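A single chain, nothing else alongside it, follows as structure tokens in the form predicted alone.
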């Protein structure tokens, strides 16, 4: 199996269009220690020919153009045979609109994500005007072989598992009485394997609560790509960019009591790599103190174009 990091940033990318923070300014200036980054997405393949896109960011056109493995093989068509979504956040789903030409690829998501894309963003009704929309439900805990829109296998299997984060803001409050709460499928992680094999890449770009169920998923993996959005819980508050904390926004901070670094110290086995990194996070600076702290705990930071094999 092979994965390519198409985007390693949180929503807005780096530099973010309306942000003048030190990291965004450094990326604009071409500072070699702060790399520009697209919004988070990866693609995976079992054979190097048929690829599954995991999350379709608003940057998807540029991401595909920057990745030769995903270039068309002929006059029309694409090696991207399907798309799977971890949630219905705008920065993970808006790229579906870019993929409308010739009919969108097959889409794999939970029932709650399909509802958000149908009744909230209304992306799926819009896509239907351009061709058939092939939505295939994933059920948490069930391994799902991924097929293209014509039903041809891609060789990739996904097993979704629910994680506590939050529904997208445009869907907030619609399911107040659901006893499942934050584990209803608004956000999932994926264990990604080749059909018939056990070795998995676990991809979790958004998670707030770090619990034993998540630890078990990570311990079974060969590689864990996990939410590295914020370094501290009050990061945006301190820099004057927001009144919201990391956890309020649905992301466990890296540091502090109950943070991701402490949690990952108790995860044995997989390679540990951060993804979905906000422009405020000091780990964006190569060679900085925050990066050294992560390295001391055996944690890597992903970057656009990074490739993983397992």
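Numbering follows the first chain given and starts at 1. Worth saying up front: this structure is predicted, and the values here are computed from it rather than measured.
The next section is about a form of this same protein that is not shown, the form predicted together with a further copy of the same chain.
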Q) in the predicted complex, which of 219-227, 138-146, 195-203, 124-132 comes within 4.5 Å of a further copy of the same chain (heavy atoms)? A) 124-132
(Q) Even though the partner isn't displayed, in the predicted complex is residue 99 close enough to a further copy of the same chain, meaning a heavy atom within 4.5 Å? (A) yes
(Q) If we define contact as a non-hydrogen atom of the residue within 4.5 angstroms of the partner, is residue 184 a contact of a further copy of the same chain in the predicted complex? (A) no
Q: Examine residue 283 and determine whether its closest non-hydrogen atom to a further copy of the same chain in the predicted complex is within 4.5 angstroms.
A: no
Q) Should residue 176 be classed as touching a further copy of the same chain in the predicted complex when contacts are defined as heavy atoms within 4.5 Å? A) no
Q. Going through 156-172 from first to last, which residues have a non-hydrogen atom within 4.5 Å of a further copy of the same chain in the predicted complex?
A. 169, 170
